[in-house]
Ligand code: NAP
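Shown below, as structure tokens, is a lone chain in the form predicted alone; questions about how it binds or moves come after it.
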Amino acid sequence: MKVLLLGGTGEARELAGLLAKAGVEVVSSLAGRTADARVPVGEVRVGGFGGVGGLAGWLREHRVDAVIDATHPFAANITANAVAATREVGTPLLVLRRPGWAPEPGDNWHWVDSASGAAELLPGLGTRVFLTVGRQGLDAFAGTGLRTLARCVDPPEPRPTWCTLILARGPFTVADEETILRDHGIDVLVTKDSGGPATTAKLTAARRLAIPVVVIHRPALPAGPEVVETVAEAVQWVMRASHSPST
């Protein structure tokens, strides 16, 4: 069985390793936007496919039996393309999405639907902002006029002049995050609902310091594909698909 695995998330890397051990041929596709990305086990391709048509053609050419979308929860365009292309070709598609976050006692969260919505809300919450929304989401906050600290893995192009930039790759500890919040006098945090445990330290730090958090909702998933929340469920799905007559 041959599986195309979309995404460079931690779940995608774990899944690639488990499937390879089970004898499944896996091709992991990375967007290529992150420098020095962590590379999964097995064959890896880097870069886009050229939209729905390009992905559909790639699936036909490489005789892919199944596709798993394990991209970041905010990679909406990739997911939409995967749904359309697999539907066109008739290839089974599974979406692997880690569960989203939920507030805990002591949290002061404010949910919004977009980065622009978060920017509009900020002036009523604080004056010193810590942005953890990724480099592609920064532009929405350029006009707030607030003192802003932004953390990214790779530098945005062009490099913004309206905020202080920290380039760092997690995971970060709660102590790390508390130090940043205290040292920079942060009084409001902005993040995306990425889910999973890898980046929750900042939420714990904000709770301990009674700092409000603006959380951007995930984009809705397209209708159609089966969705699972864990790597184990994804492995089971592949094993079932490998024994179906169509594969």
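Given the structure is predicted, the values throughout are model-derived calculations rather than measurements. In this text, residue numbers run from 1 along the sequence as written.
There is another form of the same protein, the form predicted together with this ligand; it is not shown, and what comes next is about it.
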*For the chain shown here without its partner, which stretch in 85 to 93, 99 to 107, 67 to 75, 139 to 147 has non-hydrogen atoms within 4.5 angstroms of this ligand in the predicted complex?*
67 to 75
*With this ligand left out of view, choose which of Leu30, Val188, Leu203, Val26 has a non-hydrogen atom within 4.5 angstroms of it in the predicted complex.*
Leu30
*Can you check whether Pro197 is within 4.5 Å of this ligand in the predicted complex, heavy atom basis?*
no
*Counting only non-hydrogen atoms and a 4.5 angstroms cut-off, does Gly42 reach this ligand in the predicted complex?*
no
*Indicate whether this ligand has at least one heavy atom within 4.5 Å of a heavy atom of Pro212 in the predicted complex.*
no
*asked:* Under a 4.5 Å heavy atom criterion, is Gly48 part of the interface with this ligand in the predicted complex?
replied: yes
*Taking heavy atoms and a 4.5 Å limit, what residues of 1 to 19 are near this ligand in the predicted complex?*
Leu6, Gly7, Gly8, Thr9
